[in-house]
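Before any questions on binding or motion, here is one chain by itself as structure tokens, the form predicted alone.
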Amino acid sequence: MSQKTYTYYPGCSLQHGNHAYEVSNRAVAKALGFELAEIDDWNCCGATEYFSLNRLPAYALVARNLARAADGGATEVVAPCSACFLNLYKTDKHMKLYPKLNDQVNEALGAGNLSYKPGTLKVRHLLEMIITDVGFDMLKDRTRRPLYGLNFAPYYGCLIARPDNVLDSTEQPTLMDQMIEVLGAKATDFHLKTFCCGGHMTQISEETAYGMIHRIIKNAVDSGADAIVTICPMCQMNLDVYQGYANDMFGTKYEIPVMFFTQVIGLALGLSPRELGFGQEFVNMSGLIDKIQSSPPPKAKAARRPKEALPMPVMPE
């Protein structure tokens, strides 16, 4: 794959609580030979709540990012956060489907001397971009430390899987499963891969939230996973930060690490834990990291000596 620059919308969470995701995204991009160029002067996408509070300002807030990207000459925009991806994707789609909404949003954008023509940009999730553009063959070729003997539960969450089959299935996507297998590990038979983590339910009803989190973690552990691999910062935070609270509520002692998919790729590429942002998580990941780093790298095939070759004679001094 030739060097390519992608217009990149990181989203708010990657700048703060989920900074490890941003660190690993940048490290993997460098290792795989592409560049992530942030949209100039981007703003928050409003997450999921704003659309239920005030629809027009919510669409306008998201559309401003699309307009900024398009003004910069982009034809596509890549988002690593599932909520950000969904908001960018549906705003572009709904502005195209509903002319009245399009007019209202562009009227709002006009206050900032901006406008956006729906369909100008292709909105992509970082996972889909890496799998499609980089490809499994390159991932396998660049792998320096295959993740042999490890089992990962691929957790997509509910947001990325739902809009228009942007992956490959709304209920049982397999892109990340295939990625895990290509890197040498095993994707477990994880039935709740698109089950909701509860989102911000932890701030509304702890009992409901911890129940949802506990169910996902239990299913991952029961599937034999060494870790959960996710593509969404909200999912990672809920399953990692609130895992202990869910244990307290249900009397369990689960301690399963929750990793970002780019961290998994980075480890297989031979990058160090520090380069991938490890150390910021709540559930201790040192045991898993040690297991990965202690596994021997693949042995290079020894060159076969031609049959006719004979030992070199020892020349007299």
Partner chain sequence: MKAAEKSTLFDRVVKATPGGEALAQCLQCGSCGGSCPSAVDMDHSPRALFAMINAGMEDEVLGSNTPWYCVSCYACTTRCPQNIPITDIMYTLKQMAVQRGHYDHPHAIKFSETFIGFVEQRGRGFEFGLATRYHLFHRPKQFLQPTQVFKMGAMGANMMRRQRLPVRPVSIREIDQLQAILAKAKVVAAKEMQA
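Positions refer to the first chain, counted from 1. Here the structure is a predicted model, which is why all the values come from computation and not from measurement.
Same protein, other form: the form predicted together with its partner chain, not shown, and the subject of what follows.
Shown without its partner, this chain lists Lys186, Arg142, Arg145, Lys90 as candidates; in the model of the complex, only Lys90 has a non-hydrogen atom within 4.5 angstroms of its partner chain. Proximity to its partner chain in the model of the complex, defined as a heavy atom within 4.5 Å, singles out one entry of Gln280, Thr252, Ser272, Ser286, which is Gln280.
When contacts are defined as a non-hydrogen atom within 4.5 Å, none of Ala29, Glu128 and Met138 contacts its partner chain in the model of the complex.
In the model of the complex, Arg162 approaches its partner chain with a heavy atom inside 4.5 Å. At a distance threshold of 4.5 angstroms between non-hydrogen atoms, Asn18 is in contact with its partner chain in the model of the complex. At the 4.5 Å threshold, heavy atoms of Thr75 stay clear of its partner chain in the model of the complex, well away from it. Its partner chain in the model of the complex comes within 4.5 Å of a heavy atom belonging to Phe51. Here the chain stands alone, but in the model of the complex its contact with its partner chain, taken as any heavy atom within 4.5 Å, falls in 58 to 66 among 58 to 66, 286 to 294, 29 to 37, 261 to 269. Contacts of stretch 68 to 105 with its partner chain in the model of the complex, defined by any heavy atom lying within 4.5 Å, are made by Arg68, Leu86, Lys90, His94, Tyr98, Lys100, Gln104, listed in sequence order.
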